[in-house]
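Single chain ahead, by itself, as structure tokens, in the form predicted on its own.
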Amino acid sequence: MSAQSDSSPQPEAATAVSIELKDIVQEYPASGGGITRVVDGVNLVFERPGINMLLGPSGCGKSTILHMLGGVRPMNAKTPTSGKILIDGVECHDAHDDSVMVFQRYSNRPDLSVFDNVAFPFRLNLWKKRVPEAEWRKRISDMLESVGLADKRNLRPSQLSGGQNQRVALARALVLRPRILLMDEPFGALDAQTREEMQLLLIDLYKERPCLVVFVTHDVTEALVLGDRVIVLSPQPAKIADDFTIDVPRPRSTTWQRSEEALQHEKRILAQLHKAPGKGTVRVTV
């Protein structure tokens, strides 16, 4: 008897992509005069698709680094103050065509439906890569199915929960099929159960379409649950305190999270964060 063919969608092959941060320094004028150094000589290389966790205490400079990668530039400040950011070997000074950012504040338009919020970059030609309307409409329908919002496509953000609104924001980013996905504590404002659901959703979506993810968090457990690689920053000014990989398949069970391996990773992170004085907190989810 012949084997029945598997008609389920197959994960897409990951496309090559690289990001390099070379000697990144960021300084801002301090209130009352002087200069505040936020980032101090950061060197990082991301050479392939994967989920890279950028971890550190709150206020240490994680988001500053992420915003540089996403082309978010503050007014009246040179960013970076010195150093270079290269994407695929080309210096990046502004927003990049292959890079999309998801924020903790999901910024869904209250006057638009779920479908139209996800369609927003296509309708306003905010995404420089042109996609025919028939294709982006199908992409959106498929993505809403993937994030569990197909039955809510006509609702407004005010009719959704916080977790559902974050699903809309994630769908709006991923429907563009970016090679680089930048996530700035996207699940930080959610309750513990919803945060876990969103982590599992991200894992599933990443399996379907791998890309280079840089995910900012100050939650140690989140870093260990999601990350292929964990980069630990010191308290401000941010320096690289540690950088290691986790070669454990996702999703990572609660049994693994309580294992000696996971506990050693947790201790390693906390030991680095406790070495340097400074303000800011980290979270360990239990």
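All figures in this text were calculated on a predicted structure; none of them were measured in a lab. Start at 1 and count along the sequence shown; that's the residue number.
The next section is about a form of this same protein that is not shown, the form predicted in complex with a small molecule.
The small molecule is not shown here, and in the model of the complex it never comes within 4.5 Å of any heavy atom of residue 225. The shortest heavy atom separation between residue 50 and the small molecule in the model of the complex exceeds 4.5 Å. In the model of the complex, the small molecule sits within 4.5 Å of a heavy atom of residue 28. At the 4.5 Å threshold, heavy atoms of residue 221 stay clear of the small molecule in the model of the complex, well away from it. Contact with the small molecule in the model of the complex, judged as any non-hydrogen atom within 4.5 angstroms, is confined among 63 to 71, 254 to 262, 40 to 48, 241 to 249 to 63 to 71.
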